[in-house]
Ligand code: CS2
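Taking the form predicted on its own, here's one chain by itself in structure tokens.
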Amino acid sequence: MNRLHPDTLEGLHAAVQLPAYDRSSVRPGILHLGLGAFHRAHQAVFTEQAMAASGGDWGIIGVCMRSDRVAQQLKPQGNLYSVMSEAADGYALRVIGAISDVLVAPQELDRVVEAIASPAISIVTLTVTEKAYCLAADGKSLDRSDPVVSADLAEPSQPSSTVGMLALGLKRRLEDGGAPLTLISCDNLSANGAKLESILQDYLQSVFPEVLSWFKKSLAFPSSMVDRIVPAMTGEKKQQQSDRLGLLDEGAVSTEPFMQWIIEDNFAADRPDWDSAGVLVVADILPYETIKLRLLNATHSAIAYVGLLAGLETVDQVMADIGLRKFIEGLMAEDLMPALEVPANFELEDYRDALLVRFSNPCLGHRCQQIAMDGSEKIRQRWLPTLQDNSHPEKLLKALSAWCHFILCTDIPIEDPRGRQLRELRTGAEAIDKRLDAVLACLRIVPDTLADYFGVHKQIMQNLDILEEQGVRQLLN
């Protein structure tokens, strides 16, 4: 089978949608940090549709922040790749041409910095995961104890952190004329724009304070909320997609039909016609991002941990299990939804019902283990605010107990920024109640952050006994 490439497009099956613009004439206008599958299935697709509708020089320079794996997938294909959106009733397949170049940050730092500095780049977007923001315990300042941040502060001309690369690029941009720039975080952090602005200011104050005056006048940091389920690609799924495409696609991305992007109306310069592609630009994003984090993402995490303890591999398998689905529906209705403030004209029950359909999609194969990654970062964003708002949410405490049991009492691999600490707690000699204190502290669940901490601790200990003796189904019954 021939490989996907601009020169082999005649080999595509007739139903495949192609870029509806002259790709050869488009120049880059966006730099994206974190060129994973989610960006390629989400922001790149919205930009593709915006250029198809209204044109413009909005090609994307994608930056691989660590591995060169995605660069090896896309570069031999002229940076083309396909996106398949699939549900039980069918699929749609399209080739995306929005990515104009791919850089690998550890190998091409100078080119990344040059791109940030370039006046042709009006927007920088980020999908670097929550942990890459290196937030301190207060949730807004820079964690200077982080070894990567510490190394960058000591040698800011050779950064390896996201904040360090951005800071060096902004310094160069100011030196090159200081064109205005919009930086959009697309990671699952509440008030992600404000957090990005805060850590950058903190870092710049230490290394390039001369940049701060221009920074405050010429840069914008709109918060944004993103939503699309994008499972990790398997070899079997890639082969199926290539067969449907008619060409081998090493960069293939599979996803669901639904996608959503909401951005705060705060731009420093021009932007693509994202509105025509369905992006919502709003004055106040907080209610929308809160609903997404504390309903969709919170439920997703609960599905992952109870699913793993039940021996189930994927989200749809959890939703097909009558007992587990009943627990998930109850968690949403009884604990998560009552704690939300809902914008006018937003139908929360309809949103909940749509989530249940999406979670049940049998075509995605979204692995519980993938969602379970980085739990110590995700849970503090997704569950802690609801715990603080509700003195004793029974079902959410059961989900939290499932995570604690997963950490302390199983041999399921832990993939987490605090992995070493959590693995040491798993095998530690201290009594389990002391180890539970330490595990909860990783989520910032301590007496100072949770009024009913000791009552919560007691309930989790009781739940851990049930999990150990009778299993997760008995706890959730």
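Not measured: the values here are computed from a predicted model. We number the residues from 1 along the sequence you see.
The same protein also has a form predicted together with D-mannonic acid, omitted here; what follows describes it.
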*Which of these stretches, 342-350, 289-297, 213-221, 96-104, has heavy atoms within 4.5 Å of D-mannonic acid in the predicted complex?*
289-297
*Does D-mannonic acid come within 4.5 Å of a heavy atom in each of Val226, Gln370 and Lys378 in the predicted complex?*
yes
*Only one of Lys398, Arg173, Arg382, His405 has a non-hydrogen atom within 4.5 angstroms of D-mannonic acid in the predicted complex; which is it?*
Arg382
*D-mannonic acid: the contacting residue among Ser82, Thr255, Thr182, Asn188 in the predicted complex [heavy atom, 4.5 Å]*: Asn188
*Hey, in the predicted complex, does His366 get a heavy atom within 4.5 angstroms of D-mannonic acid?*
yes
